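First comes one chain, alone, set out as C-alpha coordinates in the form predicted on its own.
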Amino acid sequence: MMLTRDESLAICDTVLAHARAAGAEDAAVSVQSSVESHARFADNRVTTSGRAEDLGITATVWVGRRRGAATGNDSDPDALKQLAHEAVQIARVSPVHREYVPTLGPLTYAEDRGFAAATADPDLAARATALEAVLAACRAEKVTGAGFHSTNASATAVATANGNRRYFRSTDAGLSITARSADGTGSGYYAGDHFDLARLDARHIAEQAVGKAVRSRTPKPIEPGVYPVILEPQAVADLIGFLTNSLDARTADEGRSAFSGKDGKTRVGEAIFNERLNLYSDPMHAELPAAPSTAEGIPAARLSLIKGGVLDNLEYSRFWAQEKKRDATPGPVNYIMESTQPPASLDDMIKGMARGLVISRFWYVRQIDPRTIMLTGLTRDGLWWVEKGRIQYPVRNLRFNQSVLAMLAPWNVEAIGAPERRSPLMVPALKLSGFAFTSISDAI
(Lines give C-alpha, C1' and ligand atoms only; values in the text may rest on other atoms or scores of the structure.)
Protein backbone atom coordinates (compact mmCIF):
# COMPACT_ATOMS: atom_id res chain seq x y z
CA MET A 1 0.00 0.00 0.00
CA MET A 2 1.00 3.62 -0.40
CA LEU A 3 2.43 4.96 2.87
CA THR A 4 1.30 8.18 4.50
CA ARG A 5 3.62 11.09 5.16
CA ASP A 6 4.06 10.11 8.83
CA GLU A 7 4.68 6.43 8.01
CA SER A 8 7.22 7.26 5.30
CA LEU A 9 9.17 9.83 7.29
CA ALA A 10 9.22 7.57 10.36
CA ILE A 11 11.12 4.99 8.27
CA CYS A 12 13.49 7.70 7.03
CA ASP A 13 14.18 8.89 10.57
CA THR A 14 14.82 5.35 11.82
CA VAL A 15 17.38 4.66 9.09
CA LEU A 16 19.02 8.06 9.61
CA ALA A 17 19.44 7.34 13.32
CA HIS A 18 21.04 3.95 12.62
CA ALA A 19 23.35 5.51 10.01
CA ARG A 20 24.53 8.21 12.42
CA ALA A 21 25.13 5.61 15.12
CA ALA A 22 27.22 3.57 12.66
CA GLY A 23 29.44 6.56 11.89
CA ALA A 24 27.81 8.36 8.94
CA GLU A 25 28.72 12.07 8.84
CA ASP A 26 26.02 12.93 6.31
CA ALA A 27 23.10 10.92 4.99
CA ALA A 28 19.91 10.98 2.94
CA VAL A 29 17.17 8.35 3.13
CA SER A 30 14.36 7.98 0.60
CA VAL A 31 11.24 5.84 0.88
CA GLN A 32 9.09 5.11 -2.14
CA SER A 33 5.79 3.25 -1.86
CA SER A 34 3.44 2.52 -4.74
CA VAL A 35 0.32 0.68 -5.85
CA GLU A 36 -0.09 -0.35 -9.50
CA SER A 37 -3.10 -1.90 -11.20
CA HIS A 38 -3.29 -3.02 -14.81
CA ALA A 39 -5.15 -4.98 -17.46
CA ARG A 40 -3.52 -6.25 -20.63
CA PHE A 41 -5.43 -7.26 -23.77
CA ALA A 42 -4.50 -8.94 -27.05
CA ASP A 43 -6.32 -10.57 -29.96
CA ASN A 44 -9.43 -8.59 -28.96
CA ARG A 45 -9.73 -10.08 -25.48
CA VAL A 46 -8.40 -9.31 -22.04
CA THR A 47 -5.53 -11.67 -21.27
CA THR A 48 -4.16 -10.64 -17.87
CA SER A 49 -4.87 -8.27 -15.02
CA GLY A 50 -3.04 -7.61 -11.83
CA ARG A 51 -2.22 -5.41 -8.89
CA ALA A 52 1.19 -4.84 -7.35
CA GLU A 53 2.33 -3.05 -4.21
CA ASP A 54 5.95 -2.07 -3.76
CA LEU A 55 8.21 -0.44 -1.22
CA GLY A 56 11.74 0.81 -1.81
CA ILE A 57 14.07 2.21 0.87
CA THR A 58 17.44 3.70 -0.06
CA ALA A 59 20.08 4.94 2.34
CA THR A 60 22.92 7.08 0.97
CA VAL A 61 25.64 7.99 3.44
CA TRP A 62 29.04 9.71 3.51
CA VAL A 63 31.97 8.90 5.78
CA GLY A 64 35.04 11.10 5.25
CA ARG A 65 33.54 12.20 1.89
CA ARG A 66 33.35 8.55 0.90
CA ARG A 67 29.91 7.55 -0.38
CA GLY A 68 27.96 4.35 0.18
CA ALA A 69 24.40 3.39 -0.67
CA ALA A 70 22.15 0.42 0.07
CA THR A 71 18.59 -0.36 -1.03
CA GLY A 72 15.97 -2.68 0.45
CA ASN A 73 12.24 -3.29 0.58
CA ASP A 74 11.77 -4.50 4.17
CA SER A 75 10.52 -2.02 6.79
CA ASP A 76 11.09 -4.41 9.70
CA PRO A 77 13.18 -2.67 12.44
CA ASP A 78 16.06 -5.14 12.13
CA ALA A 79 16.08 -4.78 8.34
CA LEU A 80 16.24 -0.97 8.57
CA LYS A 81 19.23 -1.22 10.95
CA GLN A 82 20.99 -3.65 8.61
CA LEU A 83 20.31 -1.37 5.62
CA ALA A 84 21.94 1.61 7.34
CA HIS A 85 24.95 -0.44 8.45
CA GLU A 86 25.48 -1.85 4.94
CA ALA A 87 25.49 1.67 3.47
CA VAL A 88 28.09 2.80 6.03
CA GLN A 89 30.26 -0.28 5.43
CA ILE A 90 30.20 0.38 1.68
CA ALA A 91 31.16 4.03 2.25
CA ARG A 92 34.17 3.07 4.39
CA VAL A 93 35.73 1.01 1.55
CA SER A 94 34.76 3.39 -1.29
CA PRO A 95 37.02 6.01 -2.89
CA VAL A 96 36.58 9.66 -1.98
CA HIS A 97 33.49 11.08 -3.70
CA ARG A 98 34.96 14.10 -5.48
CA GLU A 99 31.55 15.52 -6.33
CA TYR A 100 30.17 15.39 -2.80
CA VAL A 101 27.78 18.21 -1.92
CA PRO A 102 26.34 18.30 1.63
CA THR A 103 22.72 17.16 1.82
CA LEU A 104 20.04 19.84 1.90
CA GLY A 105 18.72 21.46 5.06
CA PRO A 106 15.12 22.52 5.74
CA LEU A 107 13.31 23.95 2.69
CA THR A 108 9.72 24.89 1.90
CA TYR A 109 7.92 23.10 -0.93
CA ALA A 110 4.62 23.78 -2.66
CA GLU A 111 1.84 21.20 -2.38
CA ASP A 112 1.78 18.48 -5.02
CA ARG A 113 -1.07 18.76 -7.55
CA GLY A 114 -0.74 15.56 -9.54
CA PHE A 115 -2.66 13.21 -7.26
CA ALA A 116 -6.23 11.93 -7.72
CA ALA A 117 -7.60 9.60 -5.04
CA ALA A 118 -9.90 7.78 -7.49
CA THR A 119 -6.89 6.95 -9.67
CA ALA A 120 -5.03 5.50 -6.69
CA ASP A 121 -7.98 3.17 -6.04
CA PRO A 122 -9.54 2.59 -9.49
CA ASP A 123 -13.07 1.27 -10.08
CA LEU A 124 -12.29 -2.10 -11.69
CA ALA A 125 -15.86 -2.57 -12.98
CA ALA A 126 -15.60 0.78 -14.77
CA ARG A 127 -12.26 -0.26 -16.26
CA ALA A 128 -13.79 -3.51 -17.54
CA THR A 129 -16.63 -1.55 -19.16
CA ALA A 130 -14.18 0.84 -20.82
CA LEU A 131 -12.05 -2.01 -22.17
CA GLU A 132 -15.11 -3.85 -23.48
CA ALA A 133 -15.98 -0.73 -25.48
CA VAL A 134 -12.39 -0.62 -26.80
CA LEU A 135 -12.53 -4.27 -27.90
CA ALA A 136 -16.00 -3.77 -29.43
CA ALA A 137 -14.60 -0.91 -31.51
CA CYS A 138 -11.83 -3.23 -32.76
CA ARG A 139 -14.28 -6.02 -33.67
CA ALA A 140 -16.64 -3.61 -35.43
CA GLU A 141 -13.87 -2.52 -37.83
CA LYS A 142 -12.45 -6.05 -38.15
CA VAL A 143 -9.06 -5.13 -36.72
CA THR A 144 -7.09 -6.96 -34.04
CA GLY A 145 -6.47 -4.88 -30.93
CA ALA A 146 -3.81 -5.22 -28.25
CA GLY A 147 -2.84 -2.88 -25.48
CA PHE A 148 -2.32 -2.01 -21.85
CA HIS A 149 -4.43 -0.10 -19.33
CA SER A 150 -2.74 0.89 -16.09
CA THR A 151 -3.04 3.09 -13.04
CA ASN A 152 -0.26 3.88 -10.62
CA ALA A 153 -0.12 5.77 -7.35
CA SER A 154 3.14 6.50 -5.59
CA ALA A 155 4.48 8.42 -2.61
CA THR A 156 8.07 9.55 -2.14
CA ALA A 157 9.57 10.76 1.13
CA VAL A 158 13.12 11.99 1.71
CA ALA A 159 14.87 13.01 4.93
CA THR A 160 18.47 14.15 5.27
CA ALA A 161 20.91 14.37 8.15
CA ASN A 162 20.86 18.16 7.72
CA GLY A 163 17.12 18.45 8.32
CA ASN A 164 15.50 18.39 4.89
CA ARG A 165 12.15 16.56 4.91
CA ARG A 166 9.78 16.25 1.99
CA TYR A 167 6.88 14.01 0.94
CA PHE A 168 4.99 14.04 -2.36
CA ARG A 169 2.27 11.88 -3.91
CA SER A 170 1.35 11.39 -7.56
CA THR A 171 -0.96 9.28 -9.70
CA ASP A 172 -0.94 8.30 -13.34
CA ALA A 173 -3.39 6.48 -15.61
CA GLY A 174 -2.55 5.35 -19.13
CA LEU A 175 -4.02 3.43 -22.05
CA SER A 176 -2.17 2.40 -25.20
CA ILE A 177 -3.69 0.51 -28.12
CA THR A 178 -2.12 -1.08 -31.20
CA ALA A 179 -4.59 -2.21 -33.88
CA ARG A 180 -3.77 -4.33 -36.92
CA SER A 181 -5.93 -4.87 -40.00
CA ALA A 182 -7.03 -8.42 -40.84
CA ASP A 183 -4.83 -8.53 -43.95
CA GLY A 184 -1.78 -7.52 -41.91
CA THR A 185 -0.96 -4.46 -44.04
CA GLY A 186 -2.46 -1.76 -41.83
CA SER A 187 -1.47 -0.74 -38.30
CA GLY A 188 -2.54 2.00 -35.92
CA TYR A 189 -1.29 3.10 -32.51
CA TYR A 190 -2.55 5.66 -30.06
CA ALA A 191 -1.86 6.29 -26.39
CA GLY A 192 -3.07 8.68 -23.76
CA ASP A 193 -2.35 9.38 -20.12
CA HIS A 194 -3.48 11.66 -17.30
CA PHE A 195 -2.95 11.93 -13.57
CA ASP A 196 -6.75 11.70 -13.16
CA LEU A 197 -8.27 8.46 -14.49
CA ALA A 198 -11.57 10.26 -15.04
CA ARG A 199 -9.79 12.40 -17.68
CA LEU A 200 -8.46 9.40 -19.64
CA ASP A 201 -10.64 9.23 -22.78
CA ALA A 202 -10.59 5.50 -23.70
CA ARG A 203 -13.16 5.96 -26.46
CA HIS A 204 -11.07 8.62 -28.23
CA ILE A 205 -7.89 6.53 -27.89
CA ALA A 206 -9.66 3.51 -29.43
CA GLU A 207 -11.14 5.56 -32.28
CA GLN A 208 -7.72 6.94 -33.17
CA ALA A 209 -5.90 3.58 -33.07
CA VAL A 210 -8.58 1.70 -34.99
CA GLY A 211 -9.01 4.48 -37.55
CA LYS A 212 -5.28 4.60 -38.25
CA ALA A 213 -5.19 0.81 -38.78
CA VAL A 214 -8.08 0.96 -41.27
CA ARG A 215 -6.70 3.97 -43.17
CA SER A 216 -3.17 2.60 -43.41
CA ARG A 217 -4.05 -0.64 -45.22
CA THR A 218 -2.19 -1.57 -48.43
CA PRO A 219 0.47 1.18 -48.31
CA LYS A 220 2.38 2.24 -51.42
CA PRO A 221 6.15 2.70 -51.57
CA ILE A 222 7.73 6.09 -52.24
CA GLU A 223 11.37 6.94 -52.88
CA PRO A 224 13.36 8.06 -49.82
CA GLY A 225 14.38 11.72 -49.79
CA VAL A 226 13.68 15.01 -48.06
CA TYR A 227 9.94 15.70 -47.78
CA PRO A 228 7.72 18.27 -46.08
CA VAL A 229 6.06 16.54 -43.13
CA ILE A 230 3.39 16.94 -40.49
CA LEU A 231 4.35 15.26 -37.22
CA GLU A 232 1.43 14.30 -34.99
CA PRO A 233 2.04 14.97 -31.25
CA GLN A 234 3.08 11.34 -30.60
CA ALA A 235 5.72 11.61 -33.34
CA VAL A 236 7.03 14.84 -31.79
CA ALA A 237 7.12 13.20 -28.36
CA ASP A 238 9.14 10.31 -29.78
CA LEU A 239 11.92 12.77 -30.75
CA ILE A 240 11.81 15.65 -28.27
CA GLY A 241 13.09 13.55 -25.36
CA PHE A 242 16.49 13.61 -27.05
CA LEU A 243 16.37 17.42 -27.03
CA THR A 244 15.37 17.69 -23.37
CA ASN A 245 18.09 15.21 -22.40
CA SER A 246 20.63 17.53 -24.04
CA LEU A 247 19.80 20.57 -21.91
CA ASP A 248 22.42 19.79 -19.25
CA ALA A 249 24.80 22.66 -18.40
CA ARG A 250 27.76 20.46 -17.49
CA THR A 251 27.94 18.63 -20.82
CA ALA A 252 27.57 21.98 -22.60
CA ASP A 253 30.34 23.59 -20.51
CA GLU A 254 32.62 20.59 -21.14
CA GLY A 255 32.14 20.73 -24.92
CA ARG A 256 30.15 17.48 -25.18
CA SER A 257 26.74 18.84 -26.12
CA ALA A 258 24.74 20.34 -28.95
CA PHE A 259 24.66 23.46 -26.79
CA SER A 260 28.44 23.80 -26.38
CA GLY A 261 29.75 27.09 -27.77
CA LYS A 262 33.20 28.30 -28.68
CA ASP A 263 36.01 28.97 -26.20
CA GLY A 264 34.41 26.96 -23.41
CA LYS A 265 31.14 28.88 -23.53
CA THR A 266 27.61 27.60 -24.02
CA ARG A 267 25.05 28.61 -26.63
CA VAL A 268 22.66 30.16 -24.09
CA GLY A 269 21.30 33.35 -25.62
CA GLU A 270 21.57 32.12 -29.22
CA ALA A 271 18.52 31.99 -31.54
CA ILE A 272 18.81 28.31 -32.41
CA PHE A 273 15.15 27.40 -32.92
CA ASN A 274 12.10 28.80 -34.69
CA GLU A 275 11.10 32.12 -33.15
CA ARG A 276 7.60 30.80 -32.29
CA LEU A 277 8.86 27.95 -30.09
CA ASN A 278 8.81 28.03 -26.31
CA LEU A 279 9.94 25.15 -24.09
CA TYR A 280 9.62 25.34 -20.33
CA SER A 281 9.09 23.33 -17.15
CA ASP A 282 6.28 24.15 -14.72
CA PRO A 283 5.36 21.90 -11.75
CA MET A 284 2.03 23.76 -11.40
CA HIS A 285 0.90 23.18 -15.02
CA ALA A 286 -2.81 22.31 -14.90
CA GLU A 287 -2.62 19.40 -17.37
CA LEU A 288 0.86 18.14 -16.49
CA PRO A 289 1.52 18.85 -12.81
CA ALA A 290 4.82 17.51 -11.50
CA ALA A 291 6.51 17.05 -8.14
CA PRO A 292 7.28 20.43 -6.53
CA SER A 293 10.90 19.32 -6.10
CA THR A 294 13.73 18.34 -8.39
CA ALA A 295 15.29 14.91 -7.94
CA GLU A 296 18.02 16.60 -5.86
CA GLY A 297 15.48 18.31 -3.57
CA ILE A 298 15.58 21.85 -4.97
CA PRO A 299 12.07 23.40 -4.75
CA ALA A 300 10.73 23.32 -8.31
CA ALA A 301 9.50 26.44 -10.09
CA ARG A 302 8.72 27.47 -13.64
CA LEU A 303 11.93 27.34 -15.68
CA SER A 304 12.20 28.70 -19.22
CA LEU A 305 14.49 26.59 -21.41
CA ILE A 306 13.72 27.92 -24.90
CA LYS A 307 12.00 31.30 -25.25
CA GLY A 308 10.97 32.60 -28.64
CA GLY A 309 13.45 30.25 -30.29
CA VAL A 310 16.35 31.42 -28.09
CA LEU A 311 18.14 28.97 -25.78
CA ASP A 312 17.18 30.57 -22.46
CA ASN A 313 18.55 28.25 -19.75
CA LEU A 314 20.38 24.98 -19.21
CA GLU A 315 19.94 22.65 -16.23
CA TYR A 316 22.46 23.05 -13.39
CA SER A 317 22.79 20.24 -10.85
CA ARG A 318 23.78 21.19 -7.30
CA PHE A 319 27.38 20.07 -7.87
CA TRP A 320 27.80 21.85 -11.19
CA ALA A 321 26.15 25.00 -9.86
CA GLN A 322 28.64 24.97 -6.99
CA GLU A 323 31.53 24.59 -9.46
CA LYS A 324 30.22 27.52 -11.51
CA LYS A 325 29.35 29.61 -8.44
CA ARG A 326 25.66 29.97 -9.25
CA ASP A 327 22.35 28.55 -8.08
CA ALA A 328 21.09 25.13 -9.07
CA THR A 329 18.10 25.37 -11.41
CA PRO A 330 14.62 24.74 -9.95
CA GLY A 331 13.92 22.09 -12.57
CA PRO A 332 13.13 20.85 -15.07
CA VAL A 333 10.51 18.49 -13.65
CA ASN A 334 8.41 18.28 -16.85
CA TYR A 335 8.53 19.79 -20.35
CA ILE A 336 5.91 21.85 -22.15
CA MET A 337 6.49 22.88 -25.78
CA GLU A 338 4.10 25.42 -27.22
CA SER A 339 3.81 28.23 -29.73
CA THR A 340 3.98 31.92 -28.97
CA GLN A 341 1.11 32.32 -31.46
CA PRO A 342 -2.39 30.77 -31.67
CA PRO A 343 -2.03 27.03 -32.48
CA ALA A 344 -2.83 25.56 -35.90
CA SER A 345 -5.14 22.53 -36.14
CA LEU A 346 -3.96 19.29 -37.73
CA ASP A 347 -6.70 19.60 -40.39
CA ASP A 348 -5.54 23.09 -41.34
CA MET A 349 -1.94 21.89 -41.58
CA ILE A 350 -3.04 19.18 -44.05
CA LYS A 351 -5.23 21.57 -46.06
CA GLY A 352 -2.26 23.91 -46.47
CA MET A 353 0.18 21.21 -47.62
CA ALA A 354 0.89 21.00 -51.37
CA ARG A 355 2.68 17.64 -51.08
CA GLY A 356 4.28 15.77 -48.21
CA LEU A 357 3.76 13.19 -45.47
CA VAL A 358 1.70 12.88 -42.28
CA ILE A 359 3.59 10.85 -39.65
CA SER A 360 1.73 9.16 -36.79
CA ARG A 361 4.72 8.06 -34.69
CA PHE A 362 8.32 6.88 -34.72
CA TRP A 363 9.88 3.67 -33.50
CA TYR A 364 13.30 2.36 -32.54
CA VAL A 365 14.78 5.85 -32.40
CA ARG A 366 18.47 6.13 -31.55
CA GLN A 367 20.84 9.09 -31.27
CA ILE A 368 23.88 8.88 -33.54
CA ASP A 369 25.49 12.31 -32.91
CA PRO A 370 24.94 14.24 -29.64
CA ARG A 371 26.57 17.40 -31.04
CA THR A 372 23.72 17.87 -33.53
CA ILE A 373 21.13 15.62 -31.80
CA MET A 374 21.15 13.55 -35.02
CA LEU A 375 18.65 10.70 -34.71
CA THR A 376 17.81 7.61 -36.73
CA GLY A 377 14.67 5.50 -36.55
CA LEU A 378 11.56 4.31 -38.36
CA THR A 379 8.07 5.57 -39.00
CA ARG A 380 5.38 3.22 -37.70
CA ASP A 381 1.63 2.68 -37.31
CA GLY A 382 0.45 5.21 -39.85
CA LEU A 383 2.21 7.13 -42.64
CA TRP A 384 0.22 8.93 -45.35
CA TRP A 385 0.95 10.87 -48.52
CA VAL A 386 -0.67 14.33 -48.81
CA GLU A 387 -1.18 16.18 -52.09
CA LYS A 388 -3.14 19.36 -52.81
CA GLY A 389 -4.34 19.64 -49.22
CA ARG A 390 -5.77 16.11 -48.92
CA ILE A 391 -4.52 12.74 -47.69
CA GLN A 392 -4.21 10.61 -50.83
CA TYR A 393 -3.00 7.16 -49.71
CA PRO A 394 -1.00 5.28 -47.04
CA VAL A 395 2.75 4.93 -47.56
CA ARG A 396 5.16 2.15 -46.62
CA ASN A 397 7.31 2.93 -43.62
CA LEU A 398 10.60 4.79 -44.03
CA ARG A 399 13.85 5.06 -42.10
CA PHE A 400 14.97 8.58 -41.24
CA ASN A 401 18.21 10.34 -40.31
CA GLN A 402 17.34 13.76 -38.92
CA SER A 403 18.93 16.33 -36.63
CA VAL A 404 16.53 17.74 -34.03
CA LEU A 405 18.37 21.08 -34.23
CA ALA A 406 17.75 21.26 -37.98
CA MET A 407 14.18 20.02 -37.53
CA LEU A 408 13.32 22.91 -35.20
CA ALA A 409 15.51 25.50 -36.98
CA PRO A 410 14.01 28.94 -37.71
CA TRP A 411 13.55 28.18 -41.42
CA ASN A 412 12.07 24.67 -41.02
CA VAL A 413 8.99 25.10 -38.79
CA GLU A 414 5.89 26.15 -40.76
CA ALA A 415 3.10 25.59 -38.22
CA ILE A 416 2.69 24.57 -34.56
CA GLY A 417 -0.37 22.89 -33.04
CA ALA A 418 -1.79 22.90 -29.52
CA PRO A 419 0.28 20.89 -27.01
CA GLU A 420 -1.07 17.50 -25.96
CA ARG A 421 -0.05 15.50 -22.90
CA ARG A 422 2.45 12.69 -23.50
CA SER A 423 3.85 12.47 -19.97
CA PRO A 424 6.40 13.82 -18.98
CA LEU A 425 5.95 16.00 -22.06
CA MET A 426 3.29 18.23 -23.53
CA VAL A 427 4.04 18.62 -27.21
CA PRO A 428 2.23 19.99 -30.27
CA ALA A 429 1.86 18.71 -33.80
CA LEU A 430 4.47 20.31 -36.06
CA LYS A 431 4.45 21.11 -39.76
CA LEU A 432 8.00 21.10 -41.12
CA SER A 433 9.47 22.17 -44.46
CA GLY A 434 11.86 19.24 -44.62
CA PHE A 435 12.57 15.88 -42.96
CA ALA A 436 15.19 13.45 -44.29
CA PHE A 437 14.32 9.82 -45.11
CA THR A 438 17.06 7.43 -46.19
CA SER A 439 15.43 4.10 -47.07
CA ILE A 440 12.19 2.11 -47.27
CA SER A 441 11.35 -0.28 -44.43
CA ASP A 442 9.48 -3.58 -44.71
CA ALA A 443 8.10 -3.15 -41.18
CA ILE A 444 4.33 -2.65 -40.80
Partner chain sequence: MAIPPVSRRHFLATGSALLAATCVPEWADAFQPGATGDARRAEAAEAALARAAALGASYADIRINRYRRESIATRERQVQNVSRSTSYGLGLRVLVNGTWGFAATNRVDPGAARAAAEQAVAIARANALLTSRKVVLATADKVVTTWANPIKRDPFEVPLETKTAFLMKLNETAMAVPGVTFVSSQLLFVDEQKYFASSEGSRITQRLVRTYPQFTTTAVDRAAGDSQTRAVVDRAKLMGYEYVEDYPWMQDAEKAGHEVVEKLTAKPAVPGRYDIVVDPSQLFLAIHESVGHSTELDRSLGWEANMAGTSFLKPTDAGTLRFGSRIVNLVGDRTQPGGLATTGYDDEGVKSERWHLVRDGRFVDWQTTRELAPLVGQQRSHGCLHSDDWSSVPFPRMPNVSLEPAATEVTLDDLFGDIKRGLFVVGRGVSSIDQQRYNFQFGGAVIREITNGKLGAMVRDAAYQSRTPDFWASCDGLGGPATYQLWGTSADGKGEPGQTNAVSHGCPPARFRNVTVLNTGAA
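Everything numeric here is computed off the predicted structure, so don't read it as measured data. Positions refer to the first chain, counted from 1.
The form predicted together with the partner chain exists for this protein as well; it is not shown, and the discussion that follows is about that form.
- Using a 4.5 Å heavy atom cutoff, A70, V93 and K262 all lie near the partner chain in the predicted complex.
- Judged by heavy atoms within 4.5 Å of the partner chain in the predicted complex, the contact stretch among the candidates 212 to 220, 279 to 287, 297 to 305, 362 to 370 is 362 to 370.
- Of the heavy atoms in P419, none are within 4.5 Å of the partner chain in the predicted complex.
- The shortest heavy atom separation between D201 and the partner chain in the predicted complex exceeds 4.5 Å.
- Though the partner is left out of this view, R250 does reach within 4.5 Å of the partner chain in the predicted complex, counting heavy atoms only.
- Shown alone here, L131 lies within 4.5 Å of the partner chain in the predicted complex, counting heavy atoms only.
- Here is the short version: of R165, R318, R256, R113, the single residue with a heavy atom within 4.5 Å of the partner chain in the predicted complex is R256.
- Residues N397, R399, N401 of 390 to 406 are found to place at least one heavy atom within 4.5 Å of the partner chain in the predicted complex.
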